[in-house]
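Here are two versions of the same chain, shown separately as structure tokens and labelled structure 1 and structure 2.
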Structure 1
């Protein structure tokens, strides 16, 4: 188990290093001089030379790469070109907003999708099952940014039920939660369908296994069979899917944060890319890559905790 965990952590570190290398290469692959791209063609040679020295662009590319990876390994993501603030500080200021949005969206999607899929499997071919299937496919097929735009127009502007933009007043938890309703609804709606379909398929498979039939033969109550013997196994693919969902929700959060003008990693990346602030873009993307890379080992540990067979195999 420990060896397996170390292997997964090592794989996550390798993914992060690969992503950092690609991010570093992206600056040099783009046609043109990075300093000229960032400052514009009207910048004087002295200003360009000063920026190149500050960012280390005047050194050979391999030396730049080694220093970049070395700084990243110590948590130093560089300095914002324009504000002169540490990129790590800027990222940490915005990361909680994105994490709150992701886990709220994923949380309400799981609370609705898992019971819906479970009920559809128990009442197979019923009206609820068929209706859930149609709704699931429908929600999956609608892009999150379309949901965000229509939710904003309908519930915030037309009906005036929710705030249009922003993340709420700092220190006012109720106001922040009120501002979170529409963005989390937009990023989580599609995952209701995914989770419902995955849980339904897993439950149908597990409900036909021997241990479930044995439990029924012993006369155990149906709710106990479903919740304790079937759902505990059927939920395993869903746990892995939830870890993968973090990556999908990170991309959805980019649209939601920009449409609702919320602070967060997605809005930070877009704003920084618009002004060619490469260090901030690199730092923000690195934070999302690390979040996604380390979510998978955590999901594997949860699966091993839920299923003793997986624990033994490790």
Structure 2
């Protein structure tokens, strides 16, 4: 188990290094110098050179990469060239907003999607099952930014029920939750259908297995069979899927953060990339890649905890 864990952590580190190598290569390939874009006609050669030096762009790409990774290993993600603030601090200011958005979106999607999938499997071919199927495919196929825009127009602008922009007042939890409703609805909606379909398919498979038939033969009540014997196994692919969902939701969060003008890591990356603020882009991307890379081994551990077969195989 320990060896497996170390292997997965090693793989996660490798993912981070690969992703950052690609990012550094991309930065090097993108034409145009950041100083000209940042400063326009005001960029004198001296100011331009200073800015490039501060961003480390005057050094060969491998040197930049090695220095960055070396610093990142000690928790130092560099310094924003403009505000001179630590990129780590900037990332940590924004990351909680994105995580809250992702986990709220995923949370409500799981709360609705998993029972819906379960019910559809138990009542296979019923009206509810067919209706859920149609709705699921519908929600999966609508991009989250479209949901975000229409939710905003309808619930915030037209009906005035929810706030339009921002993340709520600092220290006011109720206000923050109020500001979270529409963005989390937008990022989570597609996952309701997705989770419902996955759980349904998985449940149908498990419900046909011998141990379920045996449980029925013993006369166990149906809810107990479904919840204790079937769902526990059927949920396993969903756990892995939820870990993968973090990556997908990070990109959905970019749209939601921009449309609802919420702070967050996605918006930070987009804003920083637009003005070629590379130290912030690098630091923020590193944080998101690490988040995604380490979510996978965590999901594996949860699966192992839930399923003894997996546990013994490790």
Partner chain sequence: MDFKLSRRTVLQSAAAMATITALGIKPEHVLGAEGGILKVRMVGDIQVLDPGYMIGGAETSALYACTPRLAVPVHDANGNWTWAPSAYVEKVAQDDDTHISFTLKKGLKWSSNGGEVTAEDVKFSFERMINSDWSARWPTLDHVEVKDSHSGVIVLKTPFVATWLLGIASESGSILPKALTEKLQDAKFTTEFPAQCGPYTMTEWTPKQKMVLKANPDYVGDKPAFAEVHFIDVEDTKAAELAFEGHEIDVTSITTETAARYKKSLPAGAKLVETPGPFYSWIGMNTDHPLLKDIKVRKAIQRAIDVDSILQGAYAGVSPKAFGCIPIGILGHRDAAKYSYNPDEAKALLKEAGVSGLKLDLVTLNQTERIAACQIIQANLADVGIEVTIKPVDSGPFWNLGLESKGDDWKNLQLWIMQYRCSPDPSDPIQWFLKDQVGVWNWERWSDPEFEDLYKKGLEEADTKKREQIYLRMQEIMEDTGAYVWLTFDPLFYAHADTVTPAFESGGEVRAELCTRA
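Numbering follows the first chain given and starts at 1. Throughout, rigid core stands for the largest set of C-alpha atoms superposing within 1.5 Å between the two forms. Everything numeric here is computed off the predicted structure, so don't read it as measured data.
Structure 1, not structure 2, represents the form predicted alone.
Residue displacement note: residue 70 has its CA displaced by under 2 Å between the two structures (rigid core superposed). Core-superposed comparison between the two structures: residue 61 shows a Cα shift of 3.6 Å.
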